[in-house]
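Just one chain is shown here, as structure tokens, and it is the form predicted on its own.
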């Protein structure tokens, strides 16, 4: 099986060959800009890996891998509008560079283009491929709505947060693998096990994002830390802290997260509370727990261990990363 680096180069080269320079230019220029911002491309690479895992040729899964990446970028464009985010991957976001109306239309076009690519699957697996893609698209939108709802709710639990990130983030990793596996000729049973692997990996991936936003090294992480705390985002770290804090500490945390003021002082104070309560360690333990559950699902697939080696490696890339 090909490794991450080789598949990354293969995917990037083929993505650049796609024609996204139609007219009107105001609609398509933001699409080219967004796709040109790069990223790890983990989701489409998982699709290609899963296809190859079961003996399929990666060329057959390329259109669906592109579909996954287009859909992911559609969600990023719309998320940035909803979050009022000025930067994405260190560059100005689409709605800031153009405007919100153009960003919405360009995002919608990416969504439609994703369907054009996903439907290029062989007719014998097209219905199930579309079912997986449709279900995932709906779940991602549900997750985003839960995320928006959480902004104005104070009585959230860790379990509710995990369910939200499962829908908003993890299901797309899972679907990327399942679609690739089906194209590669996997049985439905094995494709489902690979889905479970991706789902748990996706949960760990998002929790690691939460962790790095507070505890990451800015020079390695590639962006300023503390944005979640300063934006009052109710992440695993915050909700776990509320769960185990004494009454006085809980009150202080809630006060911090009900205020838009504070800046670096607020970040330092909240981070100190997290560290004192050891929620940073609890987060890392939870991340490792999800990885173990995911690897257990991968283990159950009846293939030689060496065939699964690249997926083990990418699981480490996703979970052990520091950026």
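Numbering follows the first chain given and starts at 1. Bear in mind the structure is a predicted one, so any value in this text is a computation, not a measurement.
Keep in mind that the form predicted in complex with another copy of the chain is not shown, yet the notes after this line are about it.
- With a 4.5 Å cutoff on heavy atoms, residue 87 does not count as touching another copy of the chain in the predicted bound form; it lies far away.
- In the predicted bound form, another copy of the chain sits within 4.5 Å of a heavy atom belonging to residue 111.
- Residue 293 falls outside the set of residues with a heavy atom inside 4.5 Å of another copy of the chain in the predicted bound form.
- Contact between residue 22 and another copy of the chain in the predicted bound form is found at the 4.5 Å heavy atom cutoff.
- Within 4.5 Å of another copy of the chain in the predicted bound form, a heavy atom is found for none of 208, 314 and 317.
- In terms of contact with another copy of the chain in the predicted bound form, the residue from 156, 138, 92, 244 that brings a heavy atom within 4.5 Å is 138.
- This chain is drawn without another copy of the chain; in the predicted bound form, the residue among 187, 160, 149, 232 with a heavy atom within 4.5 Å of it is 149.
- Screening 61 to 69, 36 to 44, 22 to 30, 262 to 270 for residues having heavy atoms within 4.5 Å of another copy of the chain in the predicted bound form returns a single hit, 22 to 30.
- Of all the residues from 92 to 116, those having a non-hydrogen atom no more than 4.5 Å from another copy of the chain in the predicted bound form are 101, 102, 104, 105, 108, 109, 111, 112, 113, 115, 116.
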